[in-house]
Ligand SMILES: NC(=O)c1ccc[n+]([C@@H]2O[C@H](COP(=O)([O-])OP(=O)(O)OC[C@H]3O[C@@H](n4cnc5c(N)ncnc54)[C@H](OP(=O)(O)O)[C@@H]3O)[C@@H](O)[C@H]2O)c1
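Presented as structure tokens, the chain that follows is alone, the form predicted on its own.
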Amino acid sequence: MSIDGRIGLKNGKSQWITDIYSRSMVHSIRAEFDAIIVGGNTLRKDNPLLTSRSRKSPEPLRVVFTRTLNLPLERNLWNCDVAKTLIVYVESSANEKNLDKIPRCIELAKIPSDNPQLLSKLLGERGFNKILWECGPDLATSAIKNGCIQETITFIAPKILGGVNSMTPFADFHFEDMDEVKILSKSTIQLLDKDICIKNIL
């Protein structure tokens, strides 16, 4: 994110905020995980590849968590030659007619609600125990509120994006008092080429 806490402009553009060194470090971090989760909005807006760039073999499982199954026809995650992809959708709200548009190499699973705990449980039952949530504000906030996150990794670039409506890392937690806010601990700070990487225990 930028130094003023933005992850994108109000029109959704976000490439690139951090520099190439930080992005390379993210690839290395991905190699430490069993699976990487994004939401449908991240898939639609960013078209991520979500690989370690061959730092791990096999690559971590790429997971798309969607309420609607309204997903684009052409995306990097549909290339199963690069890495495996699992789409997990919410049975109660998804339009299952869209399943016909999903490439056959993509694995599918459904859960009864959009509670991230159900997704964590599903992945854990499949042996994926170390999960990287590389997702947008809404899913990141929900994952934290539901106790799915143990550590945060933040990359901060010396850039100012500004804008009241610019994108921020989290959605509204609906805190009304400072006693309610999330407090992070055990900060580890690493100076990169131009950016700063901060790791915290939640």
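Heads up: residue numbers just count along the shown sequence, starting at 1. Between two forms, the rigid core is the largest collection of C-alphas that superpose within 1.5 Å. Because the structure is a prediction, the values reported are computed rather than measured.
Just so it is clear, the following notes concern the form predicted together with the named molecule, a form of the same protein that is not shown.
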- Stretch from 131-139, 173-181, 53-61, 158-166 whose residues place a heavy atom within 4.5 Å of the named molecule in the model of the complex: 131-139
- Message: So the named molecule isn't shown here. In the model of the complex, which residue out of 7, 3, 196, 202 has a non-hydrogen atom within 4.5 Å of it?
- Response: 7
- Item | Site check 35, 120 and 151: each within 4.5 Å of the named molecule in the model of the complex by heavy atom | no
- Item | Non-hydrogen atom contact residue 14 with the named molecule in the model of the complex at 4.5 angstroms | yes
- Message: I'd like to know whether residue 67 contacts the named molecule in the model of the complex, with contact meaning heavy atoms within 4.5 angstroms.
- Response: yes
- Using heavy atoms and a 4.5 Å limit, would one call residue 28 a contact residue for the named molecule in the model of the complex? no
- Query: Would residue 44 count as a contact of the named molecule in the model of the complex, using a 4.5 angstroms cut-off between non-hydrogen atoms?
  - Reply: yes
- Item | Residues in 89-119 close to the named molecule in the model of the complex, defined by a heavy atom within 4.5 Å, in order | 114, 116
- Query: C-alpha of residue 92: shift of 2 angstroms or more between this form and the one not shown, rigid core aligned?
  - Reply: yes
